[in-house]
Ligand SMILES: C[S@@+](CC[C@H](N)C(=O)[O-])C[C@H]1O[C@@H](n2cnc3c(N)ncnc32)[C@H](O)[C@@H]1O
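As structure tokens, one chain now follows by itself in the form predicted on its own.
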Amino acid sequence: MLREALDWMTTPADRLTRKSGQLSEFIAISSRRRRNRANWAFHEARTRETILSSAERADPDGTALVLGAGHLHDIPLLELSAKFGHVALVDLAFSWPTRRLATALKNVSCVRHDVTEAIQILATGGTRIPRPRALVDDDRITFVTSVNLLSQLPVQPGRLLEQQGLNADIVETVHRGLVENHLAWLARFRCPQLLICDRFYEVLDANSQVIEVIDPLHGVILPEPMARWTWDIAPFGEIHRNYAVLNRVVAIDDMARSR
């Protein structure tokens, strides 16, 4: 808890990122990863391998845009930096190891940006979310990847709306809209794209039987993935001594062609 508190105080983030709970969740993810490093290793390795394989299709003279890169646990930054002229890491916040490595590599930048472009609206009581517009017209971008981000986009915004007393139907509409908007945004980039995301969460009982399947994408249908794997995100004892959670992860190339 002390380390999380120190990280919360020392990680650069704007007021809304702190107030909305986004920064707390960002720091909590890193804490969960420290506790479960061995369980997460396979998922992180598959993610890095998939990014590098997909990046082979891209023009190396341009910029690689990496969405959801605040911790770098699943991002092969050294290899991307060596391959591309520039690498832009995008997230609401960046850990100090990420900032330090980006500075050392010279051709890497950390861009603090709300990829939903909706947090400010939702935090002030609005429910009509805009379609993201940033960066899609930048011809310098030759590769874009959204990494283990899509299922997280509705979480904190949904909590903001619930705190405002909005009914469940409105909250669910916003949840789904945030997912759909992110997919549409990726598809607009005129370069190779890669989406890596959670497709389902499986809750297991003490006998390792699946007792519940949760759709974190709120009913949005994805194109057929090119790869699938399992992320042992919460073994027994992490969330509850009698339950574990597995994430079913998918990787999809070129959203523009797939949709």
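Don't overthink the numbering: it's just position in the shown sequence, from 1. The structure presented is a predicted model; accordingly, all values stated were derived computationally and were not measured.
Keep in mind that the form predicted together with the named molecule is missing from the display, and what follows is about it.
Residues within 4.5 angstroms of the named molecule in the model of the complex, judged by any non-hydrogen atom, belong to 142-150 and to none of the other stretches in 101-109, 142-150, 164-172, 81-89. Candidate site formed by P132, R188 and C191: none of these residues places a non-hydrogen atom within 4.5 angstroms of the named molecule in the model of the complex. Checking V179, V115, L77, L160 against the named molecule in the model of the complex, a heavy atom within 4.5 Å turns up for just one residue: V115. Proximity to the named molecule in the model of the complex, defined as a heavy atom within 4.5 Å, holds among L52, A41, I214, I29 only for I29.
Although the partner is absent here, L72 lies within 4.5 Å of the named molecule in the model of the complex, judged by heavy atoms. Mapping the unseen interface onto this chain, I119 counts among the residues with a heavy atom inside 4.5 Å of the named molecule in the model of the complex.
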